[in-house]
Each structure stands twice: as C-alpha cells, then as structure tokens.
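Single chain ahead, by itself, as structure tokens, in the form predicted on its own.
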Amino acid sequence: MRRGARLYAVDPRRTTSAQWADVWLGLDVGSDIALANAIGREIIAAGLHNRAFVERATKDFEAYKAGVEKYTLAYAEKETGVPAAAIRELAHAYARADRAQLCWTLGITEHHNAADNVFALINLALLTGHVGRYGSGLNPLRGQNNVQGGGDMGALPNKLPGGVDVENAAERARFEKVYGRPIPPKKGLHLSQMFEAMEHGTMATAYIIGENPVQSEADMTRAIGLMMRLEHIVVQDIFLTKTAEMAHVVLPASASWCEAEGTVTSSERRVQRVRKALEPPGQAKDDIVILCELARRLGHDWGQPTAEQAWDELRGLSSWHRGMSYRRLEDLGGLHWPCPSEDHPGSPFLHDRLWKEPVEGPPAPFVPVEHDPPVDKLTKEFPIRLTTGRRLDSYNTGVQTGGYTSPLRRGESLDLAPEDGARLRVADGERVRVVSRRGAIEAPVRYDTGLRPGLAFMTLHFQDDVATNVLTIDATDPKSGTAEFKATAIRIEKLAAGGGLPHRRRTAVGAAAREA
C-alpha cells in the first residue's frame, strides 16, 4: 500500500485491516454472494470484462451473465447494507486494474454455503482475467501453519497425496502398487459427516491427531454428547486437550516445528524444510514413530522410515512434488508445486496454462451461484447477529496459546457496538447472559466502535472460561463440510444483581457433557 497498491476491505467489522483500506465495505454477515454477483453484473454492464480471456479460456459465461442479471446495485445495497456507489467503485477498480488479487479467510468459508461463496469470487477472477498471471489471482489466506500441506499429503476424505481423486481407478492403482494394499474406492467422510455418523450409530471409534473437536466444533453441547457415545477414542497430540481428556488412549506426540524432521507447505504452495532442533520431552514421540509402531502392533512391519524416506515415497507418487528432493529444498530455500522433475524450477503461480496459445487443458468454468442468507434467522426473540473470529494474540481454541502470557491478551468478551450497549442498558465491562437457539453462556461486554449496531463478535480462544461454541450453529455446507460459525442469532440478557447462570452451566466442556 505504501508503494501505491489500493486495498478494498470487505468485512462486517471495521477491523484493523479495514482501517488501513482505501475503502471499507461493511457488509451484513452472510451477504457475500449478493455483493460478488452485483460486482460481476456491474463489470459486465459497464463493458469492463476481459472478453478475449473469457472467450478463449473459460466456459459457461452466458449462464453466469444471466444468473447475475438480477443482482443490480440497488438490490445489492438492500441485501448487503453496502452503499451502491461503493460497490460500483470496487467493481470498476477491480476490473480496470492491471493486477489484482482476491484474498479471503474464514469469513467466506465458515458459512452453510461456503463453497458457493468461493465460486462467486472465482467467477470475478475469470470475468476479469485476474488469474494465472504474476501479481493477480485468488488467495485463500490460511489461519494455521501447513493447512495447505496437510491437504496436499492426502489428509482429505476424497483425495490421495498430490491432489489425486481417490475414486479415479487408474490413479488409485498406482498407489495400491506402492502401498501393497487395496484402497477403498469411495471417498470418506469429512468432519461434519463423521459427527452425523456418530449420531446414526455407524461410527463407533475415532483416532484424532492434532485436533480438539470437543471445543472447536459448532454446537458444542451436541458435539460432546456424540463424542461420549463413542466406544473408543484415541488422541495423538502435544497437549492434553479437552478432547484428550475424554480419550481412552492418549499418544503424546512431538511438536513438529522443532522436535521433528519434515516439510511444511505455505498458502502459496511453497514447500519448505523443517529441521529438528530439540528432542521430544518425556514419552512424546515423532508422529512417524507412533504410526509405524501402531502399524507393527497391528501386524504390519513398516520398518523405521525417516522423514526423508517417507517424503521420497510421496514424491514417487505425487507429480506435484516429484522434483522436490530434500537437497533441492535445502539449496533453494523451498519450491512451489507443481514441480514435476528435478530440473523444474517450481511454479510460483498457478493457472498460467489459461494464457498459453493454445490454452492447455480444459477451459475454466464459471459457476453461477445464488445469494442464500444465514440459516439462523434474526427474529424479535434473537435480534442480534453474532459472528466469530480470531484475535492476533491467540490461536484457535487456546490450547497452544493459553499457557503463555501476551500483552495483547485480555480474555473473552462479547463485543458490542456502543449503540447496542446503550439500547440494551448494559455497560462496558458488565457481565451478561448470551442466549442462542442452542444454549446460553455468560460473558463480559466490551464496547467496540468497529462494530455496527446489531452485530456482536466473540472468539473461540477461551472455551474453558466462555464456551462460545455452545451458541454457534452446526448448519453445514454440503460441499465443504464447514459449519456456519460466522452467523449465529442471539439475544443478550442482563443478569440479576449477584445472579448469573447456575453453576452447572458456567463451565464449558464439563457442563455441556453433563447436559448432553
């Protein structure tokens, strides 16, 4: 920005990033598709779409054009709360820019229509040709280290390592030959489907590695109740999380960033080496050691492979990573996949095939999507929209950061616009009862001038003190399996002097488990 870039921030809250922006578009929670479709319509109506790129590199443009026709600036202003003039300005600036990026986080994906939200943004990139070129593209900013790498290694229910579809018989056969065992030909369950399977009695055991679903899942009371039905739980982690406290077996693991060898992959697909600096404490062991020892006890001798040997097996199966030897990763400070051979320089950006003459591979499809408001409706009984997110000083459910002090950390609060505080007659710092259709918690109020009236904000960082996920709804996107953490309907109640919630409902996991 100091060098001339322009920033448009689209966020219900006026965050610190939004305060840096040239323009802040403070949209209503869950209206992202209405906004994106209106931007697309305005670009087409003004004749600013990249006709040459659309014609040579995409398909289904006419269906998209017809789909966005009704999303006028006036309609979008009504649905999103963003002034029509601001929407028009963003549309023209994005379309006219020589280079432009669309960056998003969980504010787009933690909705019941998460995938459609993303398709709406992809459509804009295809419409303008802001994809496949240096400095232009689509960038989902990751909130956790190595999220990209986990998926790339096959930690997805429908993929094998290297993005291979598990239902592709020919590709699956390559893996079966190396693994020496058949691979189930159908995709597995994502996390939300696993909880559905628990509910239906078709899933009786869980092996959980580096996850704390007891506190991270939406509708915590339901999640705990379903976990308690399981016959057997194994947790492999570096901390005794609340989920681990429920486990029948806990396998203490090493901290991958300093107590193990390996690789991580950043949001930009850059694979980098991780080097062991410390020995794991106590009985903690490297994940590879634990998994191989478990395999041995189940009758399969995998030996004692090093991280590099495991990586070389992966390289032999994944065309994305084939050229990424440990030596090259060391010498070059990392490489971007796809890197199909050891003389390949890596790929700093994706989709450049769309600009080649002729275009390589299939055309990129437009995917028309429709605006679909949040599932948890606002009513007179639940008139305030609660959205959740993160703070800079803390990490997810607080397990990894709660044991450390930070000058920025101040504990959990229910953040409200001062206008709402005055209307509800609750003071800054006053403890209140927060109620949704699923449960109730107590939290202190904190006035935040970055919030508009009618919008509240909480985090998930302090679940032991304030179990925010007791409130959130588990309405799930069928395509991605993501719950709608960003859009909960609540009401706020004053507490009687000296009163509060009964003690059994003040604790997070213990109380929810007893109620379940």
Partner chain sequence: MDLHLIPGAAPTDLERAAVDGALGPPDSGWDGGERRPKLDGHIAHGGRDARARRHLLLPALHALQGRAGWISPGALNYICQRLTVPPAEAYGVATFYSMFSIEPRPATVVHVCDDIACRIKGAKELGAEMEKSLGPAGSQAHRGNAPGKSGSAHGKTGGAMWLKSPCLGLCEHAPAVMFQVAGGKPAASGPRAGDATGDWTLAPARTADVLAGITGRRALGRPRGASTPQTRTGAGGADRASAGAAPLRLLRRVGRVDPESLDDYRAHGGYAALRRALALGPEGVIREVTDSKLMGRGGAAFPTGRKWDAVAKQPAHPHYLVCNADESEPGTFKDRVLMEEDPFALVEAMTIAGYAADCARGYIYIRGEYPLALARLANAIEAARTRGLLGDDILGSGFRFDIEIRRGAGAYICGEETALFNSIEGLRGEPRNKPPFPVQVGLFGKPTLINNVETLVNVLDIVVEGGPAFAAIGTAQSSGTKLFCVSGCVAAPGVYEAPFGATLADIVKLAGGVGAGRTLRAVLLGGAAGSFVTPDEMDVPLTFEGTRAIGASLGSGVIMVFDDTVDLQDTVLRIAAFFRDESCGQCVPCRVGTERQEEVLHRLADAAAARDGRRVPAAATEVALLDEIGQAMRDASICGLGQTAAGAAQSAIKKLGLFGGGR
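Residue numbers count along the first chain shown, from 1. Since this is a predicted model, take the numbers as computed values, not measurements.
What comes next is about the form predicted together with the partner chain, which is not displayed.
Contact with the partner chain in the predicted bound form, defined as any heavy atom within 4.5 Å, is confined among 416-424, 344-352, 301-309, 130-138 to 416-424. Only one of the listed residues (Ala244, Val369, Ala86, Ile288) places a non-hydrogen atom within 4.5 angstroms of the partner chain in the predicted bound form, and that residue is Ala86. None of Asn113, Thr397, Thr80, Asn123 but one reaches within 4.5 angstroms of the partner chain in the predicted bound form through a heavy atom, and that residue is Thr80. Interface residue remark: Val23 is counted as part of the site for the partner chain in the predicted bound form, having a heavy atom within 4.5 Å. Taking the partner from the other structure, the partner chain in the predicted bound form has no heavy atom within 4.5 Å of any heavy atom of Lys494. Though the partner is left out of this view, Asp28 does reach within 4.5 Å of the partner chain in the predicted bound form, counting heavy atoms only. At a distance threshold of 4.5 angstroms between non-hydrogen atoms, Ile43 is out of contact with the partner chain in the predicted bound form. The three marked residues, Arg2, Thr16 and Arg452, each reach the partner chain in the predicted bound form, with a heavy atom inside 4.5 Å.
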